[in-house]
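Here we start with a single chain on its own, the form predicted alone, put down as structure tokens.
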Amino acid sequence: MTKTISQFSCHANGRQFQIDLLGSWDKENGVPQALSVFAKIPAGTNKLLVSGEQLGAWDSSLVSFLLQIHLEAERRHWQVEYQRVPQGVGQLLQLALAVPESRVPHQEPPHTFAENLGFQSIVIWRVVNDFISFIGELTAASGRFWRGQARYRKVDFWWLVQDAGPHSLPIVTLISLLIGMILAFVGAVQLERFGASIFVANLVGLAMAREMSSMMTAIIMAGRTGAAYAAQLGSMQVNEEIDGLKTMGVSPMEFLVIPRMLALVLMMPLLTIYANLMGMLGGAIVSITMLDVSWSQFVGQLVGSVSLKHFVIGLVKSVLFAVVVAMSGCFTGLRSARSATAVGQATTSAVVLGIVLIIVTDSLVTIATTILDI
């Protein structure tokens, strides 16, 4: 007995169930529900036979229909056989079946506070564990670099130096100049009440030399260069370029991470010195325009109040910040998943992690210098 269902007919023959494809098969003629076929299959069936003898024109909707039939039959452990199906349909179906459907178990999100706390603790522990492993691999790669055994391209290194240094000057100039002007303006408003306007130079000089120049430069580089490192390495993960390096026996740490870190370590102190100059210039502009202070008075007060050790502390911080920013960008980039969304998330994570580690590092250095009375 034959039953017609839209563009196909089916009938049972013992334990075999046959589906005959009829006429044109495209979206214009309507696409039947594939799973509705199984509602008409009698019990005891263990084999499906799909016949394309009476099939006319077809498009990708036929492949989608047969794919659903095939997957459901496999789930029921039935045998599937195709007769006189067009060669193009068979090839597309084989291509669709070549990569198995991802069957990632659905994980229910935690509901209670305790479940959420436990889940977040596990996630944080995994990230910390990966970060510690990253530091260990980076340390080993650094040792090979200083022994002259690391493999990397010098042309890439000099390009990274140019990107981290000269290309960063405009934004560093603007931010540092404005920070110096803000510090001077806030200090001038308060110090002018006591007739101590000249001490604005002390305030701007100490703040820029010890803290603001290195920190603001590091935050700028975290948002600019660190994010760029994460995006570059994340895109390389998506394109499987990092896997290609590993296949050729080239360490990604040596080829990708070491040049980026070294470029930032070289450029960050220079940018910090430049930021110091721009910040103090901003303070001088405010002092001269708002207060009765001349250039010579401002420079003389600045030289007499800010000793060399304050600049050295700022430069030491800048080196530590460079390491932190490079590590944050490269770590999140190498840890990125293989999708466009994951690359965006890695870029965001690089900026957030970099700024957090900059603040933590600055706090630790400040505590140490306070204890040592430096």
Partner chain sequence: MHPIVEVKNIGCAYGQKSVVSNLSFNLPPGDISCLLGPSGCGKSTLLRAIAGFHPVTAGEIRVAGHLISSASVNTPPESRKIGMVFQDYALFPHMTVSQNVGFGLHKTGTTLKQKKISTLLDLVNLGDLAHRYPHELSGGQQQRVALARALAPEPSLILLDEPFSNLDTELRKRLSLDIRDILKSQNISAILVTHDQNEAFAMCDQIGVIDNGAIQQWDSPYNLYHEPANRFVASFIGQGAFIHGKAVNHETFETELGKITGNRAYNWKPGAKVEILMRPDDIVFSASSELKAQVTQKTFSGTSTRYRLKLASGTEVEALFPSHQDFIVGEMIGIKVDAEHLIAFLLAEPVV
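On a predicted model such as this, the values are computed, not experimentally measured, just so you know. Numbering follows the first chain given and starts at 1.
Unshown form predicted together with the partner chain; subsequent notes refer to it.
Contact between H167 and the partner chain in the predicted bound form is not found at the 4.5 Å heavy atom cutoff.
R75 falls outside the set of residues with a heavy atom inside 4.5 Å of the partner chain in the predicted bound form. Among heavy atoms of F255, some come within 4.5 Å of the partner chain in the predicted bound form. At a distance threshold of 4.5 angstroms between non-hydrogen atoms, Q94 is out of contact with the partner chain in the predicted bound form. Contact annotation for the candidate site: R193, G282 and T289 all lie away from the partner chain in the predicted bound form (no heavy atom within 4.5 Å).
Only one segment in the set 84-92, 207-215, 293-301, 147-155 has any non-hydrogen atom within 4.5 angstroms of the partner chain in the predicted bound form, and it is 147-155. Interface residue among T247, S121, N129, T139, judged by heavy atoms within 4.5 Å of the partner chain in the predicted bound form: T247. Residue in contact with the partner chain in the predicted bound form (any heavy atom within 4.5 Å), chosen from T173, Q162, N239, N116: N239. Applying a 4.5 Å heavy atom cutoff to the partner chain in the predicted bound form picks out R338 as the lone residue from 317-348.
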